[in-house]
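Next comes just one chain, in structure tokens: the form predicted alone.
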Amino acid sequence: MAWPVAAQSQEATKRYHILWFSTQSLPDPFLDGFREGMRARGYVEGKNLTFELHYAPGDPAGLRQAISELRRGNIDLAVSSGPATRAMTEVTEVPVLFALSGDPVELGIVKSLGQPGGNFTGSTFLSLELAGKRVELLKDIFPKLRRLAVLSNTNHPGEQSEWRATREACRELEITPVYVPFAGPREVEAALGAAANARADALLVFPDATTMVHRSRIAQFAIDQHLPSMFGWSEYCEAGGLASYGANQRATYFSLAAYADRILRGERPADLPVVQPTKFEFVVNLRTARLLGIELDESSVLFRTNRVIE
């Protein structure tokens, strides 16, 4: 997906119209990353590119009216961020790019990662190898880990595969995993209550849009319960989580602009394989570590981090 910048200059006089759908809220760092990627490929808003933004914080169903506008006929591309993709599964009128934390095959929007076969393509953050790696890193940070509470949104496509990979990693490390499932944002508080009663030594949180929206609440819960916590993306650490391991989301949206450019130039989403990030970052929040009484200042763990939050 890496293209020489010189080859990306956009000479066409046509103004392309892109609709952006998200269940996040403004300011939106993912939109910022995508816009930056489009600028790097020669697209200038107001000259040859127009964005139309649609937001329904925490409510994919709230986007359905805006999604109906895709039938207007003057849309060149739609981009869905996170769970907004779930609300777009019946869209067939225009190409759709997505960045999804779950499994797009299980969601039913592509036939396979290698051959999407329809009007959807994009990027998925789901990687079962990462699920096991997060358990390993948490054990390195907190060697006393024996019992691990796993907070998981069951509405997340691919969730059961991630749970199986986590269980396998726990088995190899002689850790007892305690499954704490919940179904959507209304059940988050009840799930935290169940996690509090799990008698766990630490907390692992599967990355998805719901836990992302509630990341500050979950991170503070872990601190209050004196539980070392592991997450999937650095935004959780910035909100007070102890550690995270996964792809840089903003960088992924920047790269997604390469596919947008290719589609606007005439390529079909059906022929563009769904990509998975190949670069991952390990982030540790030292402030949280100190609050939990975990001494990492001279630990070898810090030599493996990509970023430390002081």
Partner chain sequence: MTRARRPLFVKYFVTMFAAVAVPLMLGAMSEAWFAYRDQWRYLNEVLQVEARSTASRMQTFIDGISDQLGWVVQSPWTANEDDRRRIDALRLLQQVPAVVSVNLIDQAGIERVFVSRMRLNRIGRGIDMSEDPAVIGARAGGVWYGPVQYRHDSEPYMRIAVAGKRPVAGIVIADINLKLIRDVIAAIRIGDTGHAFIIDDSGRLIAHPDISLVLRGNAASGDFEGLKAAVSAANGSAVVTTGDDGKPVVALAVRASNVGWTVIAQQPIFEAFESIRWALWRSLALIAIGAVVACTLAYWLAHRMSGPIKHLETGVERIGMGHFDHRIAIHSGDELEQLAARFNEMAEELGISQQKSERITRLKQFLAPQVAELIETSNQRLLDEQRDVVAIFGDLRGFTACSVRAAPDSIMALLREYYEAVGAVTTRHRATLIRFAGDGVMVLVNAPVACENPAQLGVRLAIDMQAAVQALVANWRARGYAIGFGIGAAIGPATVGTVGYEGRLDYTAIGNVVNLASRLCDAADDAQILLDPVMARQVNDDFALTRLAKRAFKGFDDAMDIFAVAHSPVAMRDVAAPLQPATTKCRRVAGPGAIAQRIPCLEQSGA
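Positions refer to the first chain, counted from 1. Keep in mind it's a predicted model, so treat the numbers as computed, not measured.
The same protein also has a form predicted in complex with the partner chain, omitted here; what follows describes it.
- Although the partner is absent from this view, residue 114 contacts the partner chain in the predicted complex, with a non-hydrogen atom inside 4.5 angstroms.
- In the predicted complex, the partner chain lies within 4.5 Å of some heavy atom of residue 300.
- Contact annotation for residue 65: none of its heavy atoms lies within 4.5 Å of the partner chain in the predicted complex.
- Interface residue remark: residue 50 is not counted as part of the site for the partner chain in the predicted complex, having no heavy atom within 4.5 Å.
- Stretch-level contact analysis of 248 to 256, 266 to 274, 27 to 35, 42 to 50 against the partner chain in the predicted complex, using heavy atoms and a 4.5 Å limit, identifies 266 to 274.
- Scanning 174, 90, 129, 224 against the partner chain in the predicted complex with a 4.5 Å heavy atom cut-off leaves one residue, 129.
- Comment: the partner chain is not present in this chain, but in the predicted complex one of 86, 215, 139, 133 has a heavy atom within 4.5 Å of it, namely 133.
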